[in-house]
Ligand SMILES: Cc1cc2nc3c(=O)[nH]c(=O)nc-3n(C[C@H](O)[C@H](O)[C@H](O)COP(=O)(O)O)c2cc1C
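This document opens with one chain alone, in structure tokens, the form predicted on its own.
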């Protein structure tokens, strides 16, 4: 195995941060140089319109996505389903906002397996919740230093497992939490929950950050509610803090999460057993 490829959907960059830390440990344990590491950020709709070349047994692929309502984001899942692999080892990562990840990691494992990957390890990390703010903190500033150290260690352990396994096809099936049929996802579309204040300078950064092309530049950079996936990337990306969450059901949910999910949850890791 000579190449590492990261394929991830990460509107607020928490998933990307975790995957890069995992890759550091993986590359070290596998003795793979930085020149042989590629990152494919499928957050952008333009990138999701491309088709990646098939992966083979010379590759190691990291697949990562945030968790929305206990499921993978549909845009991420739809792209991952287009991947093609042939006995390619895969490391699977979901990142959730300190509530629950429910069926997301199982869903990612099932998608990867159907594409021809062999899942060898998986993990659920904590990331700052999409709805979090300074006023309503939910898993703020996670992944933190300790999370990233655990991510690097998880990458090393995954690499050591790969080095010890002579025939991946004989490795035991990776077991991860979750249920099938999966719970119903949140889907596309949201209440009109984002307001644009007079601080907006029409810089367009929010539109660039949006993974769903749900920002209408001709209408004061307002969110297009029918297309919104509630990732809040536009709010977090705004350099002027001109985008804010309105009072209403989404903000009420943020307050509920702040009250009920304040105890920090640990990273969870899973490994396939050697034959």
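Numbering follows the first chain given and starts at 1. A quick note: this is a predicted structure, and the numbers were derived from the prediction, not measured.
Note that the form predicted together with the ligand isn't included here; everything after this is about it.
Q: Of 88 to 96, 173 to 181, 145 to 153, 158 to 166, which is the one stretch near the ligand in the predicted bound form, taking non-hydrogen atoms within 4.5 angstroms as near?
A: Partner-contacting stretch among the options: 88 to 96.
Q: In the predicted bound form, does residue 129 come within 4.5 Å of the ligand, counting heavy atoms only?
A: Yes, residue 129 lies within 4.5 Å of the ligand in the predicted bound form.
Q: Is residue 251 close enough to touch the ligand in the predicted bound form, meaning at least one heavy atom pair within 4.5 Å?
A: Residue-level check for residue 251: no, no contact with the ligand.
Q: Does the ligand get within 4.5 angstroms of any non-hydrogen atom of residue 110 in the predicted bound form?
A: Flag for residue 110 set to no.
Q: I'd like to know if residue 186 sits close to the ligand in the predicted bound form, meaning any non-hydrogen atom pair within 4.5 angstroms.
A: Yes.
Q: Taking the ligand as it sits in the predicted bound form, which residues of 60 to 84 have a non-hydrogen atom within 4.5 Å of it? Please list them.
A: 66, 67, 68, 69, 70, in sequence order.
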